[in-house]
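What follows is one chain in structure tokens, specifically the form predicted on its own.
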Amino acid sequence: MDLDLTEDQETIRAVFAAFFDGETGPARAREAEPTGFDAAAWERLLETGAPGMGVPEADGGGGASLADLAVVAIEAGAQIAPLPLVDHGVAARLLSGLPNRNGSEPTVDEGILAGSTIVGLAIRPALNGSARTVPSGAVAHRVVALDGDRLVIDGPLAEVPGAGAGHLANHGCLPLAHRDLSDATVLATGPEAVAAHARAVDEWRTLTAATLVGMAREALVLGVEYVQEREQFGRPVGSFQAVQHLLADLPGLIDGAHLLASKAAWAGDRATDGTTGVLDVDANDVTNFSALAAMALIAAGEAATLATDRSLHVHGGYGFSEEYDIQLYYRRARALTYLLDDPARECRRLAGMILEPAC
């Protein structure tokens, strides 16, 4: 297993790092509040082919692997890009893996591939015919959800809902909304539908973990830059040992989360070939995609929340003021960490996966 970036992935990283640096960033994130969607940046993103890059080439997409998408997600997270790229990419991949509905019409249409039709993923099963707290529900034209044992898709909406249309106010200014599934179209039913949705949610976990890694990485940069510039008693505050201690152990924590996110993406790519993977923690042999996706989300959530907290802390009172960027990372890191579920419950779910074979 080699988790180093390939030459192609290095190119992908450089291209999208430049794109997100130029077209997104903290200033654009502020402008996109409270719904957390920058329509102009999304239109520019369409020119890169990113919305459909994770769909297989046979279905008209770019054929990028989950590992490739993780590289993009890290760079998006570093600039807290207000774009539903992870949700759209995962939902598009889910749709591409389903059989054609009528034998001729493709499940993934050209609008979804191009990104002109934004598709979201309900990461929790529907409740009483409603997809609850969909991550991109306030901006998606269509949403894929699991309703009982039925995989369904709502819409299509004529246009993206305007700001505030069903949007759920939230601390992280994410485009959250509930979506009504009463008129949804059934895509698949039975165990296959449940398994397809579970796979998509694991991909969402993996790419969200990568996003959080990018946030944590940039939060550390902001903290280090600030303590090097800010002076007290005629010296940079970064020269004080108590401040150094707050930041010194963050690189190892972030690198560990990065490693887990990369390994989860690697395992996800292997799983598409029918490889089940191993889950043997006693032998330190874990290649099971679902387990690694959960580990990555938990570890990246912890790294991002701690990195943003400590970086905000070393900013002193300025960290809490809106004109400083660190508060944007602080709020979004926590919002993403809790979006799927309480991390404690995710830990218990992972523990159940590990212990179940021994029961």
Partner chain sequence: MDFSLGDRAEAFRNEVRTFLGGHLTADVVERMHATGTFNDKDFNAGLAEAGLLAGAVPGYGDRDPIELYVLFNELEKAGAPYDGLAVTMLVAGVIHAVGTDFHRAEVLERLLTGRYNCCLGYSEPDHGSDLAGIATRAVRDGDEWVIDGQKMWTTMAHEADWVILLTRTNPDVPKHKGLTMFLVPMDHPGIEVRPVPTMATERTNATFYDGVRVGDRWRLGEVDGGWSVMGVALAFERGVMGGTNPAVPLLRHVRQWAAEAMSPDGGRMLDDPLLRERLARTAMANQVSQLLTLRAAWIAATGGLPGLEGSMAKLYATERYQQAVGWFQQMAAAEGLLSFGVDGSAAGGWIDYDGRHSPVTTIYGGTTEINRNNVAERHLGLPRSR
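What you see is a predicted model, and the numbers here were worked out from it, not measured in a lab. Positions refer to the first chain, counted from 1.
FYI, the form predicted together with its partner chain isn't displayed, but the following is about it.
**Student:** Based on heavy atom distances of at most 4.5 Å to its partner chain in the predicted complex, which listed stretch, 76 to 84, 194 to 202, 136 to 144, 247 to 255, is the contact stretch?
**Tutor:** Of the stretches listed, the one contacting the partner is 247 to 255.
**Student:** With the cut-off set at 4.5 Å between non-hydrogen atoms, does Asp21 touch its partner chain in the predicted complex?
**Tutor:** Contact with its partner chain, no.
**Student:** In the predicted complex, is there a heavy atom of its partner chain that lies within 4.5 Å of any heavy atom of Arg44, even though the partner is absent here?
**Tutor:** Contact check for Arg44: no, nothing within 4.5 Å of its partner chain in the predicted complex.
**Student:** Given that the partner is absent here, does Gly316 sit within 4.5 Å of its partner chain in the predicted complex, heavy atoms only?
**Tutor:** Looking in the predicted complex, residue contacts with its partner chain include Gly316, since a heavy atom lies within 4.5 Å.
**Student:** Is Leu339 close enough to touch its partner chain in the predicted complex, meaning at least one heavy atom pair within 4.5 Å?
**Tutor:** Contact check for Leu339: yes, within 4.5 Å of its partner chain in the predicted complex.
**Student:** Can you pick out, from Leu113, Leu176, Leu222, Ala188, the residue that has a heavy atom within 4.5 Å of its partner chain in the predicted complex?
**Tutor:** Contact check passes for Leu176.
**Student:** Which residues from 275 to 314 come close to its partner chain in the predicted complex, meaning a heavy atom within 4.5 Å?
**Tutor:** Val281, Asp282, Ala283, Asn284, Asp285, Val286, Leu292, Met295, Ile298, Ala299, Glu302, Leu312, His313 sit within 4.5 Å of the partner.
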